[in-house]
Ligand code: UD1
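The data below hold one chain only, encoded as structure tokens and taken in the form predicted alone.
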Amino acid sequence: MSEQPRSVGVLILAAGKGIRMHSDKPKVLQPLLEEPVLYDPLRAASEAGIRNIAVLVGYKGELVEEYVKRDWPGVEVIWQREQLGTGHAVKSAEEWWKRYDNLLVLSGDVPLVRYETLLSLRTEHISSSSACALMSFTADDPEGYGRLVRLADGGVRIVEQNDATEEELMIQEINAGVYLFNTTALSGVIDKLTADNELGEYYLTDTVQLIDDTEGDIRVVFCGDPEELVGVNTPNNLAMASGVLRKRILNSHMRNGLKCMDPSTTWIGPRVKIAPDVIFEPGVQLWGKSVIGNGCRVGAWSTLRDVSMGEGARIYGPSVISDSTIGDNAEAGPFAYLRMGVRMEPGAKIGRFVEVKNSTLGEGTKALHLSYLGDVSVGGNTNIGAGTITCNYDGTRKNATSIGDDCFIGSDTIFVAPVTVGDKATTAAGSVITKDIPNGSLGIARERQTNVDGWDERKSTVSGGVKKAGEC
């Protein structure tokens, strides 16, 4: 059944501290495959086609708010100034969710939930016109979870662990903490919540019984994959979720054509995009918004973060590359370190033990050995000799070096920036270049060689066979 526009809002609860994480950072900002835990519930809600999303923040909420505004600009932020339970949290957002016919409530610490699961809940709720649809699953060890109690009259209620009887603690069907309310029904009971319980909090779970008492229709949607709705509350939970997400992401890319030599040592972040015909050697890690083009190969034990690779590009491992663009058929590594806005044009090559920062290498340009290139623009078809260094920092600011097309840079050239080298220019090996070199010119900046005849005999003519201090 189709929905009317703006008929569903999603409220993601992200106000908790997460005491069992033993961290000052809010639980929903703990890193999971180098994204905050909160990223995955937001992604699932978005992929389910729901555009009206709000995040409820509390503990160190300014940090969560900063993340949401930066990475999810269409998502609203609502504050819960006091953390008095999940029922109080939803009540705090009442002015927002009254805009919609239905409200999906989702915990910010369930990163394994799939968008298909949210779609199934929405379909059941909308098609049945229920007052509330909620999700449950069966856990072998339900410790810490609210139990779903099925009543003889067909109704249900949820009992939190701290308030459960011995008999209720034996129940293995548990509340997943995912609800889809009719907002009219929710509005009718939200003010009836009390804090008459072991923790003195307002439980959202109590709304289920209140709605049931008013003869509202309650639907339970069972999730057959209990792993999907497990909350991340401890470092162990975080590690478990990391492993599950890693396999999901990897399997998805391999179904689309990724050739992965050793899946057990490969890590791919959730925002990475990979074309079909790509090869990963063992130990590869890809993070951030990396995009890998068709026909690429990434060498063993390389780590890429926010890297764009054009078609046929290759990384020889191990290499570390971040915030960089590698053009079609360009190559880097092994032991290459590229960072902070490096751009390699098609066919460019960066080799062994070369570090490049905030620089551009033109089409066909090569820097193959033992060099540092910082804040430099290099034209096309230029050869950078071994040991070349750009001295770009004068102690106060970074200065730029510009090297033209078709240049030959001799080994151990040092450029003291700012300096410009024209097209088809050459530098003599071992030069310290402090002035511009015109087009087609040879730059030489080194001491003339001096040979001392008979040096071997002179150095051994010393008293007692030991050279005296200051003696030639």
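These numbers were taken from a predicted model, which means no experiment stands behind them. Start at 1 with the first residue shown and count on from there.
Keep in mind that the form predicted in complex with the ligand is not shown, yet the notes after this line are about it.
Undergrad: For this chain shown on its own, do 27, 110 and 175 all sit within 4.5 Å of the ligand in the model of the complex, going by heavy atoms?
TA: So, yes: the whole triplet contacts the ligand.
Undergrad: The ligand isn't shown here, but in the model of the complex which of 158, 249, 258, 238 has a heavy atom within 4.5 Å of it?
TA: Selected residue: 158.
Undergrad: Among the candidate residues 391, 77, 84, 244, which is the single one with a non-hydrogen atom no more than 4.5 Å from the ligand in the model of the complex?
TA: Contact residue from the list: 84.
Undergrad: So which of 93 to 101, 227 to 235, 277 to 285, 210 to 218 is the stretch with heavy atoms within 4.5 Å of the ligand in the model of the complex?
TA: Only one stretch passes the 4.5 Å heavy-atom test: 227 to 235.
Undergrad: Is there a heavy atom of residue 9 no more than 4.5 Å from a heavy atom of the ligand in the model of the complex?
TA: Contact with the ligand, no.
Undergrad: Even though the ligand is not shown here, does residue 205 get within 4.5 Å of it in the model of the complex, heavy atoms only?
TA: Residue 205: contacts the ligand in the model of the complex.
Undergrad: Is residue 89 close to the ligand in the model of the complex, meaning a heavy atom pair under 4.5 Å apart or at it?
TA: Contact with the ligand, yes.
Undergrad: With the cut-off set at 4.5 Å between non-hydrogen atoms, does residue 20 touch the ligand in the model of the complex?
TA: Output for residue 20 is yes: heavy atoms within 4.5 Å of the ligand.
Undergrad: Taking the ligand as it sits in the model of the complex, which residues of 137 to 152 have a non-hydrogen atom within 4.5 Å of it? Please list them.
TA: Heavy-atom contacts to the ligand in the model of the complex: 144, 145, 146.
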